[in-house]
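Coming up is one lone chain in structure tokens, specifically the form predicted on its own.
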């Protein structure tokens, strides 16, 4: 089997677990190029770079896009996706993470895990002898971020210095967007109220990564300041799984950060709107914006397939 040049593994990614994207930020541009190539190629003509390989897809938390996109991506690369939820595994009944990692490493070529505490996936990767890929933790969502920067790149081409405004809760999607965006030279500005800002050490790390490339990362409190001149306005749900008990307080604090026509008026004339979904209409984003002409949300969702398939091709190629 001949692997196209577009899918040749980046040396920093081959056999590497990807938990945050901080493991190999220099490889992000190559993954995005590979993803764009896959998107331009009919799926029935994708090279079978995962031929004969099984990939365990473990979902301890509900999922739509991550679950479907990984399943489709692995299948079209010629691999066998083995999709499991927490109740399917003995890990959900008390078997240690270490034992689970050692067993799965004998049976599959890679493990994708969607879980809660980031320490869980760190422990799994520490004991596994095959690559582990983060399908979401409370702290990071690297696969979402790869799809995000792919979407931005296909809309605007050269993204060095391009301003991306993230509005609202500085959560896992915000953090991973900063890392992936900075790796491509984007200027990622997060507008968050007090108590909702991303961790300062990650912001500093992303800013130091992005500055030599013409971008960076920073946090402000004013949504209008973040949106001013931005070509991308990005938001995420304000009420994530587990936040239901604090719903009223969160809505009150985050209300001024809603992406609506008033906020878009501060952005660049060619600005697009992005949302990693699921969306709560009228809360973090106006319904007319979500389904309007500026929305790149549905391309963004589809791009999960191409970005994650490209990542697997680099890790397992």
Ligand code: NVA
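Numbering follows the first chain given and starts at 1. Only a predicted model underlies this, so the values are computations on that prediction, with no experimental measurement involved.
We do not show the form predicted in complex with the named molecule, though everything after this point is about it.
Using a 4.5 angstroms limit between non-hydrogen atoms, residue 246 is distant from the named molecule in the predicted complex.
Residue contact with the named molecule in the predicted complex: residue 241 places a heavy atom within 4.5 Å of it. When the named molecule is considered in the predicted complex, residue 276 lines it closely, a heavy atom lying within 4.5 Å. The named molecule is not drawn, but in the predicted complex it has no heavy atom within 4.5 Å of residue 83. Residue 173 is the only one of 132, 180, 227, 173 with a heavy atom lying within 4.5 Å of the named molecule in the predicted complex.
Of the residues given (74, 191, 150, 136), 136 alone sits with a heavy atom within 4.5 Å of the named molecule in the predicted complex.
The stretch from 164-172, 211-219, 192-200, 150-158 that comes within 4.5 Å of the named molecule in the predicted complex, counting heavy atoms only, is 164-172. Along 215-237, residues 236, 237 each place a heavy atom within 4.5 Å of the named molecule in the predicted complex.
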